[in-house]
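First comes one chain, alone, set out as structure tokens in the form predicted alone.
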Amino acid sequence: MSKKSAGLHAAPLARIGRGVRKFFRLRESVALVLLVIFAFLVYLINPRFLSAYNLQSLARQIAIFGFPAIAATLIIISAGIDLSFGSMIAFYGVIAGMLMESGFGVGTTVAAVLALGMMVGLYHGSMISIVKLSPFIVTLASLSIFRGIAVISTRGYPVRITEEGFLWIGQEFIFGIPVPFVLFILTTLVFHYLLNYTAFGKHLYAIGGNPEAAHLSGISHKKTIIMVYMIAGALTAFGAIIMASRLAQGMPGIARAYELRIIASAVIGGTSLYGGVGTVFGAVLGASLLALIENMLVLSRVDSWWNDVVIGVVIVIAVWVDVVATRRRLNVKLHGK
């Protein structure tokens, strides 16, 4: 074989190699690869994985994880943290149930719960950006406070929801696709645009990546942080509405330890715990992966207690990859290699 022909054969291989390296530089690549691997494993374990019923159930679960996962992604990009997701989901679900039980309409209930979510977000953001308390402390306190309010207000009993209009949100379909998943996809597109093509998104990345430089650039740290937590509160509230609709009740004891899963969804999707890095599509991949893991354990008839073990292992892998990637980026900046 001549050198010329060898070079012609090597060129496509070189392009493929560059494409592969470029793909694995993407922070979402790990989540995507794990998602494909787990999907294949689930199918091998139980071919019913591809049944319409199971895929619809999986899509609903992705949406339930996904809304607060997007919220967690926004907060972590800002170099913050929120440990109250599970408790807030239970609290908002109970409030939705109580409003429906009191005779409020579906639209009024949804609007009121979303407004409540934004008010809680305003409280979190104000305590963090104005009072200067740690996000860890503020949201850890909320984890306890709002779970307690949910339990006290219902005496620990579920609040049943029978209004068909409300149940439609979490239980019905649009052209065979679960309504929650359709709403989640639309929300994903909106927040992808918000992060990548608006001043708010640029300010958010700047504050999380280099707060001092952001301040010198005239970016309002307080305003941006408050807005982030208010948006996150609304997203979490909508996730709670979907869950309450799906279960046809507001349950004060639900979503315990969901903080772990939701933060994990963001981190597994490539959001850096150091702040300044992350994408909405990464959150979608992370939420999809966690939902798939739970689905795999259910189809395999494995005890549900193993969920935490598997998810914990995945979190360790994701954080390790995040640390390695961050160190590599810093090395490139410092040494140019």
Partner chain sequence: MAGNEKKEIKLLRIAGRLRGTRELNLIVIIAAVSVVINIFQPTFLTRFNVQVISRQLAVFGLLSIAQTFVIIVLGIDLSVGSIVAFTGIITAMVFAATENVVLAVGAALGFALVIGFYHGILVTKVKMAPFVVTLGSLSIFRGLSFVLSRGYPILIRSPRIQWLGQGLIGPFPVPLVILFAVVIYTVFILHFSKLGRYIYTIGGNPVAARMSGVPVNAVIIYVFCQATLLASIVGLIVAGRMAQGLASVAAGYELTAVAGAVIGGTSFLGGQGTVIGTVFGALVMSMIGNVLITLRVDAYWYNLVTGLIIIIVVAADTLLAKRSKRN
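Bear in mind that the values here come from a model prediction, so they are computed numbers and not experimental data. Rigid core here is just the name for the largest C-alpha set that superposes within 1.5 Å across the two forms. Numbering follows the first chain given and starts at 1.
Beyond what is shown, the protein has a form predicted together with the partner chain; the following relates to that form.
In the predicted bound form, the partner chain lies farther than 4.5 Å from every heavy atom of residue 186. Proximity of residue 33 to the partner chain in the predicted bound form falls outside the 4.5 Å heavy atom cutoff. Residue 136 belongs to the set of residues with a heavy atom inside 4.5 Å of the partner chain in the predicted bound form. With a 4.5 Å cutoff on heavy atoms, residue 131 counts as touching the partner chain in the predicted bound form.
Proximity to the partner chain in the predicted bound form, defined as a heavy atom within 4.5 Å, holds among 115, 248, 122, 151 only for 151. The single contact residue among 37, 50, 309, 45, judged by any heavy atom lying within 4.5 Å of the partner chain in the predicted bound form, is 309. Only one segment in the set 174-182, 139-147, 235-243, 102-110 has any non-hydrogen atom within 4.5 angstroms of the partner chain in the predicted bound form, and it is 139-147. Contacts between 277-305 and the partner chain, taken as any heavy atom within 4.5 Å in the predicted bound form, involve 303, 305. Residue 302 is among the residues whose C-alpha shifts by 2 Å or more between the shown form and the other one once the rigid core is aligned.
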